[in-house]
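Starting off, we have a lone chain in the form predicted on its own, written out as structure tokens.
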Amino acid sequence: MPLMDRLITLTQHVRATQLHHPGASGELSALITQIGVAGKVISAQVNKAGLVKIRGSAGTTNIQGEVQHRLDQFAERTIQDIVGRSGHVCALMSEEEEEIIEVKESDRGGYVIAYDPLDGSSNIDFNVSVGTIFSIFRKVSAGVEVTRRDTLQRGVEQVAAGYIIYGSSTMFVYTVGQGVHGFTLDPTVGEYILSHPDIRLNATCKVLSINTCNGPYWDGWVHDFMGRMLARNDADKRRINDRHIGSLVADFHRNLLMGGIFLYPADSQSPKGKLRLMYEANPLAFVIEQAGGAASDGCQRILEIEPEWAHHRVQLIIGNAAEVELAEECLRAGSVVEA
């Protein structure tokens, strides 16, 4: 029977994938399933955000100095309660929390999860798609103690990563290094059903995603790159479109399915970059590479960057490999000119 002629749930898919790994204990499969459960709970709240008093600002700020929204806090509590108590993780690293959350020894498992509980939450009041981004690492240090070696690993050490996007439908997209697969939540039965098997990035880059209002703060190479991309549009045809939602997970998801490139370059306002390596760049870089694309900070592959601390920020260029290479070329040329 062809793959799409029968229903395959997320749980079934994850377990089947892990069967191909000799010695797999099933703990990673169980952890991914629990992340999916947390996503269902968050999705239910996002979908009724206009009906209950969880919209808008919570009147607090997170470690990044950003205003927290009530749904940020709800998503954070949900992940801590469900994933943190699953018995499969020893530590949780959240974009919303200053300190790493260590699970009590009696409940510790063999993995570390880094996550953005609700990316794009500032858009929730306007019905814009938001999402949860996650990254999973194995605990590598011996014993039960959680060490820096466990929590500050390079992206190449990820064993799984993905995101849950809450939009017109809720989708769970993940990779364990064997391709990228997408599952759509069927709210009538409460299950994620395989809807996008083996996602591959479109060979043609159709979309350019960047906040052009930051233009006055950009380095020269970004303007050079933009000029080269826009030059593809001529009297015969518009070959590239500008699409920027302002919700990273939504921009990334669209580009993954359509073919496109997303940039959040460093600038005079954020000289080290704005996005977080552990919670946003690493997991999405793992996904895009598995789909045939690339992710870079302009100088090196995102997955090779050594994190300096839990909230390490980076410049992010992610999408079709040819366009990522073009951006790197523009950056190198700009550096030569400045030198």
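For clarity, every value in this text was computed on a predicted model and none was experimentally measured. Throughout, we count residues from 1 along the sequence that is shown.
What comes next is about the form predicted in complex with ligand P6P, which does not appear here.
Of the residues A310, A294, L275, I32, just one reaches ligand P6P in the model of the complex with a heavy atom at 4.5 Å or closer; this is L275. Note on contacts: among S122, N202, Q73, S195, the single residue with a heavy atom within 4.5 Å of ligand P6P in the model of the complex is S122. Contact with ligand P6P, judged by heavy atoms within 4.5 Å in the model of the complex, is confined among 78-86, 169-177, 183-191, 247-255 to 247-255.
At least one heavy atom of F262 is located within 4.5 Å of ligand P6P in the model of the complex. By the criterion of a heavy atom within 4.5 Å, N211 is counted among the residues contacting ligand P6P in the model of the complex. Counting a residue when any of its non-hydrogen atoms is within 4.5 Å of ligand P6P in the model of the complex, there are no hits in 283-303.
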